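First, one chain by itself: the form predicted on its own, in structure tokens.
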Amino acid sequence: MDKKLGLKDIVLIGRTFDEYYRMFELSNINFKDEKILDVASGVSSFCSEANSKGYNVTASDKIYSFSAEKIEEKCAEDLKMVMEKLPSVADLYKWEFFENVDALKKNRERAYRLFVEDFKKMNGNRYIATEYPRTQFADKEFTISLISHFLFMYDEHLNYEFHKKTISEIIRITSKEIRIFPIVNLKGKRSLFVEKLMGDRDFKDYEIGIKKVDYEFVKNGNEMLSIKVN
């Protein structure tokens, strides 16, 4: 049986601006020209940190219909649960960006606390309650959409039809490019949905490619899927 991080559902684990910058190779975009959507962003601090740096970022997730207090409570529970499970599967990860489990925990705590602080001030403004695969955004409202640790990673919980509907909807609301990271699942193996998506004739009009990036925490998870829609 393949070893994996055993999660029964999608968990609220936040990631920072520094992680996003490397995961999605944001160095090659001019942030002044882009309106960015963070898809299923959860409790990541990217939206908060990016906007403080002058980026134009909107975060979207179904959890934003709940209070900051409820979200923070769930996030603390999820982080505790994941940190308890992690040592038994530590060999599935590369301990370079994070030196050890304790450093990872501190990073995750920092991310969700920055998120909660900003969410309390900006909910309904740059944090939009959204339950994928449907959204309330206008056609081509964003230039770039980022999907972090959602599609492909949870392929045991979200079937291919969900992936397809979600990506189709994000194509509708994005004018330039969609970037998805990682493309491995919880077992650290490339999701079978990646090849299926790339061969799906419903997406034949778009340029879909895989690119290595300068970030790898889950072993083999150093590739980003790019869908160019313009």
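Bear in mind that the values here come from a model prediction, so they are computed numbers and not experimental data. One-based numbering along the sequence shown.
Heads up, the form predicted together with a small molecule isn't pictured, but that's what we're talking about next.
- Checking 33-41, 50-58, 167-175, 200-208 against the small molecule in the predicted bound form, the stretch whose residues place heavy atoms within 4.5 Å of it is 33-41.
- Shown without its partner, this chain lists Phe137, Phe97, Phe150, Tyr160 as candidates; in the predicted bound form, only Phe150 has a non-hydrogen atom within 4.5 angstroms of the small molecule.
- Site annotation in the predicted bound form: the residue of Tyr112, Phe119, Phe142, Tyr132 reaching within 4.5 Å of the small molecule with a heavy atom is Tyr132.
- The candidate spot formed by Arg179, Ile183 and Phe193 lies out of contact with the small molecule in the predicted bound form, as no residue has a heavy atom within 4.5 Å of it.
- Among heavy atoms of Val213, none comes within 4.5 Å of the small molecule in the predicted bound form.
- Using a 4.5 angstroms threshold between heavy atoms, Lys70 stays clear of the small molecule in the predicted bound form.
- By the criterion of a heavy atom within 4.5 Å, Tyr154 is counted among the residues contacting the small molecule in the predicted bound form.
- Of the heavy atoms in Ile63, some are within 4.5 Å of the small molecule in the predicted bound form.
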